[in-house]
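First, one chain by itself: the form predicted alone, in structure tokens.
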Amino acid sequence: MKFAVIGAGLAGLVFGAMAVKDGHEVVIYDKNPVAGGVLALCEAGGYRFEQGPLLMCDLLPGEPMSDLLAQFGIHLDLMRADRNVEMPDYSMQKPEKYEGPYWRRDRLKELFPSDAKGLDEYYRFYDNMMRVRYNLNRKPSLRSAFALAASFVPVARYSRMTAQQLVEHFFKDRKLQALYTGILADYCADPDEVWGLAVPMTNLETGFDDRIPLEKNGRKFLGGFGYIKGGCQKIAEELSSYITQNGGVIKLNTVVGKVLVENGRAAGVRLADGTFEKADVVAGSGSGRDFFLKTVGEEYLDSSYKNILETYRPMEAVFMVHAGVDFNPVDVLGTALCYCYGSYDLHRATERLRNGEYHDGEDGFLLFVPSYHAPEFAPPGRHCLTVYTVAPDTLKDGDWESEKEKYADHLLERAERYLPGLRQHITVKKIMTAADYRNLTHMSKSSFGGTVPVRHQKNPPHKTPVKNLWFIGQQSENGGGLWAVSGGAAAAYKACIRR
């Protein structure tokens, strides 16, 4: 069969690699000059930067993403790492000397003594959730299914809670509640609309101390976090190489104008230059609304799929300032990634974001040093720094192009609380706004990271009302995230060839 894949981001590359592996003819189309989508690097003045803080889980040996890439003979060089958290008036930096896997619990008891009992209860719940996570990642079998069901019993009573209800159940102090729900800001999500079980899953303790052992009783039990040495674009490079070396074709600088549908089935694609290329199967990625309403055609969708497209909620955008600097920020921060929260009111922060009100760094930002795991990204003696925050796709007042310099300076000024004198040490600066990411991802509305994880929300399914047309990527049913996107694309391919 011939497969036409629209988009050479992570989903398109995984889908294409699966098809090539099975001996199918594959052509992947992408509007950009390099493959990878947001995995591709941003370059400026002799520096290279990753598109955000890519400290990733599921990628260490024995973890799902690592196992998937191994199918294609891809084995990445990884380094375990962790992150610090700075709240408005307290800090959660790991101790210099290792104090065990529950050092955060013990420190929080000192900071919030009235919540000591709740912290003990939360960490019992957390341990139970880690058993659930372990069983979810085991190879499917009757035994693992029973183990999963048994491990879920102790946490079942929390399964109907929202994230906000869950933290209120365990903790009285709103400052402590915000520590565990703050990560939801990355997803542009209000704690009242996200499943409570997402709290421990997005606050894995191994993400805050890379010294925590991942094995239990001789088996890999916990998930770890790490960077890819040399940068995350290596995933795209390796997948692209596998595809082309096995007969697949990746057409860059190529825009697909239309998916051609004949008698209710996908028949191929028409490129923006008018060229028609036939295919037995078409897989598309990117913005669900753009893909189906513009590239496919609303007339080919049923009412159920139309309703999903109308109601699912993509995330908002990001605002990044990439800076080449003449000092090593890790020496000051003590880590290559630091979450700097500026507010305890996540409800207000989310509401402002969705209403087009940019917080100007006031609600928080991240500091990320990509040259930590990829020193070749910077000239000798120099380092890379990214100051990153969520932002509206479209500003309520003004526009990104006219406001970006002002907002960049304000963000760098706020970053100086943690990196004193930062602006005096910048040698190169590159600003990336929602408008830039609309262009990079070929979306009419920038959505950096996929869809908001709203309870009961249904994202556009892989299987579409058009026969032999499949939808993959961060706005599909799998949602965003490295493993979710990759595993989702692999699952979509397997479902496709079973039909």
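Note that the rigid core is defined as the largest set of C-alphas that superpose within 1.5 Å between two forms. So that there is no doubt, residue numbering starts at 1 and follows the sequence shown. What you see is a predicted model; the values in this text were computed from it and never measured.
Below: the form predicted in complex with a small molecule, not depicted.
Using a 4.5 angstroms threshold between heavy atoms, Gly488 stays clear of the small molecule in the predicted complex. Shown alone here, Gly37 lies within 4.5 Å of the small molecule in the predicted complex, counting heavy atoms only. The small molecule in the predicted complex comes within 4.5 Å of no heavy atom belonging to Ser343. Remark: Ile6 counts among the residues lining the small molecule in the predicted complex, judged by a heavy atom distance of 4.5 Å or less.
Among Lys445, Lys463, Arg48, Lys31, the residue placing a heavy atom within 4.5 Å of the small molecule in the predicted complex is Lys31.
For the residues Ala435, Leu54, Ile431, Leu68, the 4.5 Å heavy atom test against the small molecule in the predicted complex is passed only by Leu54.
The stretch in contact with the small molecule in the predicted complex, judged by heavy atoms within 4.5 Å, is 250 to 258, chosen from 400 to 408, 250 to 258, 194 to 202, 128 to 136.
Annotation: Cα of Gly487 displaced by less than 2 Å between the shown form and the other one, core superposition.
Cα-Cα spacing of Ala491 to Gly479 is enlarged in the predicted complex versus the present form (difference of at least 3 Å). Relative to this form, Val167 and Gly479 approach one another in the predicted complex, with their C-alpha atoms ending up at least 3 Å closer.
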